[in-house]
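The chain below stands alone and is given in structure tokens; this is the form predicted alone.
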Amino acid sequence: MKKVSIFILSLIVVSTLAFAGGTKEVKFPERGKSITIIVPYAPGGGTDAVARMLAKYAEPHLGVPITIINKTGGGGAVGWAEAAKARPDGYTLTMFAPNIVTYAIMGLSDLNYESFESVLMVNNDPGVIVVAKKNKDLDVVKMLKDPSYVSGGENPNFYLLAIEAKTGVKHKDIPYGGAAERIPAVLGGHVDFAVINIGEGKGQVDAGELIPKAVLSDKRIPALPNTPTLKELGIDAQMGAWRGLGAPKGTPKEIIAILETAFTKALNEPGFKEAMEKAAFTIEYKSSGDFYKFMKEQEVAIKKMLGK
């Protein structure tokens, strides 16, 4: 019996030593340093707004300042190129948006989500078709079935492609760098309509300057309870914009885990939830692994949509 006890104790000691030997202690983030989040879109847009709220509530959990830097151009490609070149040490992150998947498929960028390490997904919002106040009485279905109306979007505009797949009508689409540019184009009469996330234009919607006509989802959203879905109106087109965090390829998994934990805690902060709700952004969390799988599924769906 004594020999058996000694044998079991030896196994425990060996297992503990092996575990300890296989565990890499990582001191991150180091005191005195700061973390930078590169937002590949202009200030004032949805991705920028979500990044700033996320940074505010993650700082206490990481113990260092988090700085937002906007690197615009190429529909996100310029900012992602800058982030991909950063040292993979966890101190430079970037915000992901749908173009991180779509641009590589379209041959518009050499980078995609697999060029980075995924950290976590933060939110997901359905598209909302908006027009200027002067067009508030415009019938949205007739507009979408009339090719003379011009859209303000991105290149490619997957919102519009989803609608066109259902209507068979192709609209002229003028590309803009983000919602911060699309909204003024609608208000200024440069385009007839655009598809945005409600959080990106909430101020203009609340002021009555921007009129939401339909939501690209299967059900109405809390921020716009009186706005019908396109599905309700007979055009079952659904498309949304999601956002999350990525890190340069090769960032150690131990650091990714620390970042994921800290930003997940930020998502669960009451203040963050209230700020997101007030700004009309929907929180949708996915872990590092699940976020990667989600983007892989998006890639498959987009390729199918484009016949690639």
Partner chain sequence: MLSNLIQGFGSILHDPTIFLFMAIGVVAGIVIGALPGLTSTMAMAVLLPLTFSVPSHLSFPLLLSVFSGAMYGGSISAILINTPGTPSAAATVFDGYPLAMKGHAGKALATSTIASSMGGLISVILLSTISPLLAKFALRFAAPEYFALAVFGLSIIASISTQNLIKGLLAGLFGLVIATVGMDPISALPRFTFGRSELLGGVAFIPLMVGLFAIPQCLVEMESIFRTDETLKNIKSELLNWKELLYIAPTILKSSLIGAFIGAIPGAGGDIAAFTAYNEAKRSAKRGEKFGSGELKGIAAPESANNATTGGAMIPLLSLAVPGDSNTAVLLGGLIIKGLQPGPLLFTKQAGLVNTIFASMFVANIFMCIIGLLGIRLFIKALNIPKKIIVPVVLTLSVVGSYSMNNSIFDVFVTILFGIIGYSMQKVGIAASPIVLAIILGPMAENNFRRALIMYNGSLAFLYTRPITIVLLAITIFTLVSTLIKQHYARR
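Numbering follows the first chain given and starts at 1. Treat the numbers as computed from the prediction; the structure is a model and nothing was measured.
One more form of this protein should be noted, the form predicted in complex with its partner chain, which is absent from this view; the next part is about it.
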So in the predicted bound form, is its partner chain close enough to residue 106 to count as touching (4.5 Å, heavy atoms)? yes
How about residue 44: is it within 4.5 Å of its partner chain in the predicted bound form, going by heavy atoms? yes
Decide whether residue 70 counts as a contact residue for its partner chain in the predicted bound form under a heavy atom distance cut-off of 4.5 Å. yes
Taking any heavy atom pair closer than or equal to 4.5 Å as contact, tell me whether residue 166 reaches its partner chain in the predicted bound form. no
Please determine whether each residue of 176, 209 and 279 possesses a non-hydrogen atom within 4.5 angstroms of its partner chain in the predicted bound form. yes
Its partner chain isn't shown here, but in the predicted bound form which of 161, 77, 216, 84 has a heavy atom within 4.5 Å of it? 77
Select from the listed residues 136, 220, 172, 145 the one whose heavy atoms reach within 4.5 Å of its partner chain in the predicted bound form. 172
Within 4.5 angstroms, counting heavy atoms, which one of the listed stretches 137-145, 86-94, 200-208, 232-240 is next to its partner chain in the predicted bound form? 200-208
Under the 4.5 Å heavy atom criterion, name the residues of 137-171 that approach its partner chain in the predicted bound form, in sequence order. 155, 156
